[in-house]
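Listed next as structure tokens: two forms of one protein chain, kept apart as structure 1 and structure 2.
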Structure 1
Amino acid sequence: MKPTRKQEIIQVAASLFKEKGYSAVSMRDIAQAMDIKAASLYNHISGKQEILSTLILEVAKAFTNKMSAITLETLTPLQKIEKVIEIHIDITVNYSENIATLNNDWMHLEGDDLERVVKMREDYEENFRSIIKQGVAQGDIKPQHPEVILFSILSTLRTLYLWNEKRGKMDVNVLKKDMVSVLIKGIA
């Protein structure tokens, strides 16, 4: 599908946001990257804030939906974690700029959008925490503090976007296998 002009603007902005952060990118920067004047952007979008919230909500919804789907499946906790790792890799490959902005610039959202995204992240983490706790309860996962496990895995997954370029020729499925192995079975 050919992207609309609005989608083009958002994509170009995403790339700049990833590079320098939302606050350091001006509307004139975005316009220049598209070879038009800043005022022309307003024929397609309502303002800078709309770019930010569109960008973030798109990927935040993707994570939330996939995660709650996994929660409902009938799998062992370890299988669910495996799936969480895989969907993170899938989404990162397709939305790496959006993830950068979600991670680094969510606090610049305003009004309801801010509340909504914070809520989605909390729900996401709570779902993940439940899976881990269940795994510990039934002995599949070592009796470490669930918070340490949650944080260790989630940190790696959330910052995968930083590493996505260097990934280079590495196949996505190989990456999935390796990350599942490292994160679940360790390195020793």
Structure 2
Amino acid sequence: MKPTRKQEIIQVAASLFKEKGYSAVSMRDIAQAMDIKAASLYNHISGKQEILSTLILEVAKAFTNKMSAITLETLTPLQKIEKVIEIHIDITVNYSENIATLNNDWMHLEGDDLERVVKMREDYEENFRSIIKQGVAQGDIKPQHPEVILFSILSTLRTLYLWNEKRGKMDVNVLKKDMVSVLIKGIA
């Protein structure tokens, strides 16, 4: 299905945001990349803030919804962590430009959108933390500080979009299998 003009604008902006950063991109830059006049953009979109919100909220909602579903499943904590890692990989591979914007430019959101994203992130991390704590309590996970485990896994997953591009975009199934293994079992 052919994307709408609004979707085209958002996609072009996403590429520019990823390349230059939100602050360095103007509506004029987006229009120029699309070979149209800047004023024409406003027929389809209210401005950069709407683009930013659309890009970030799309992936933030995807992460939040997937995490909520995982927390309700009757799986072991390790199985839940495997699923979380796999979801991160899927979303990163399918929405790398959104992920770049989420990671690098979320702080430029304004008002309710900023509050929503911060709340979604906090809830997501708290759900992940709870899964880790449950795994430690059950003896499935080594008795290490849950914050260190959370940080180690999330910092790796949050930068996956950069690493994967530099490596020529690895096969998603290889990423899932090997990243789950390394992040859960370690390397020794």
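Bear in mind the structure is a predicted one, so any value in this text is a computation, not a measurement. The first residue in the sequence of structure 1 is number 1, and each one after it adds one. Whichever C-alpha set is largest while still superposing within 1.5 Å between the two forms counts as the rigid core.
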{"query": "Matching structure (the form predicted alone), either 1 or 2", "finding": "2"}
{"query": "Post core alignment: Lys177 C-alpha displaced by 2 Å or more between the two structures", "finding": "no"}
{"query": "C-alpha positional change at Arg167 between the two structures - rigid core reference, Å", "finding": "3.9"}
